[in-house]
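First comes one chain, alone, set out as structure tokens in the form predicted alone.
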């Protein structure tokens, strides 16, 4: 596999990494394309195949694992798999793009290990675990149990931040967006001044 740059954003749920990634994708000069992950679960709500995830059942996912089709994969919860297909990254590289990932900590570090020179791994840090809990509750998308599960996972994930190339403290979103833009622009070798909101 050979191509452009890989930019990874990892963080606990509710840290704001998805907001940052969506913002960066709008900055044309960065030449970014989003890597769509594969997931072994059914579609939810308005999710679209190939846009939000590549949906497959557990046996299909396991078959792809056997065939070594993934750049990285993880069983997040029992029979709940997520992963990055090699073919997805190759497709985006073939289009001449730099690939950006919104991915969990374990997956992000696995990609960094496989492509150390081509990868910028960024960890997005929330102000605090308490603030994270407030943000997750405000979403109103998950049960109290699921939120507590995510909070427990967040404490473990926060401990991995020193393994990343850069850490963004998302205390103020505008500052975090500016910081992320500058980091990525420097990494892909373009001027950070041509910013679009």
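Computed from a predicted structure; not experimentally measured. Residue numbers count along the first chain shown, from 1.
The next section is about a form of this same protein that is not shown, the form predicted in complex with guanosine-5'-monophosphate (5GP).
Peer 1: Using 4.5 Å between non-hydrogen atoms, is residue 74 touching guanosine-5'-monophosphate (5GP) in the predicted bound form?
Peer 2: Residue 74: contacts guanosine-5'-monophosphate (5GP) in the predicted bound form.
Peer 1: Considering non-hydrogen atoms and a 4.5 Å limit, does guanosine-5'-monophosphate (5GP) approach residue 41 in the predicted bound form?
Peer 2: It does: once guanosine-5'-monophosphate (5GP) is placed as it appears in the predicted bound form, residue 41 has a heavy atom within 4.5 Å of it.
Peer 1: So, residue 103 and guanosine-5'-monophosphate (5GP): in the predicted bound form, are they within 4.5 Å at any heavy atom pair?
Peer 2: Residue 103: yes, in contact with guanosine-5'-monophosphate (5GP) in the predicted bound form.
Peer 1: Residue 138 near guanosine-5'-monophosphate (5GP) in the predicted bound form, any heavy atom under 4.5 Å?
Peer 2: No, residue 138 sits far enough from guanosine-5'-monophosphate (5GP) in the predicted bound form that none of its heavy atoms falls within 4.5 Å.
Peer 1: Are all three residues 13, 37 and 83 in contact with guanosine-5'-monophosphate (5GP) in the predicted bound form, where contact means a non-hydrogen atom within 4.5 Å?
Peer 2: All of them do, each having a heavy atom within 4.5 Å of the partner.
Peer 1: Looking at 41 to 49, 162 to 170, 126 to 134, 24 to 32, which lies within 4.5 angstroms of guanosine-5'-monophosphate (5GP) in the predicted bound form, counting heavy atoms?
Peer 2: Result for this chain: 41 to 49.
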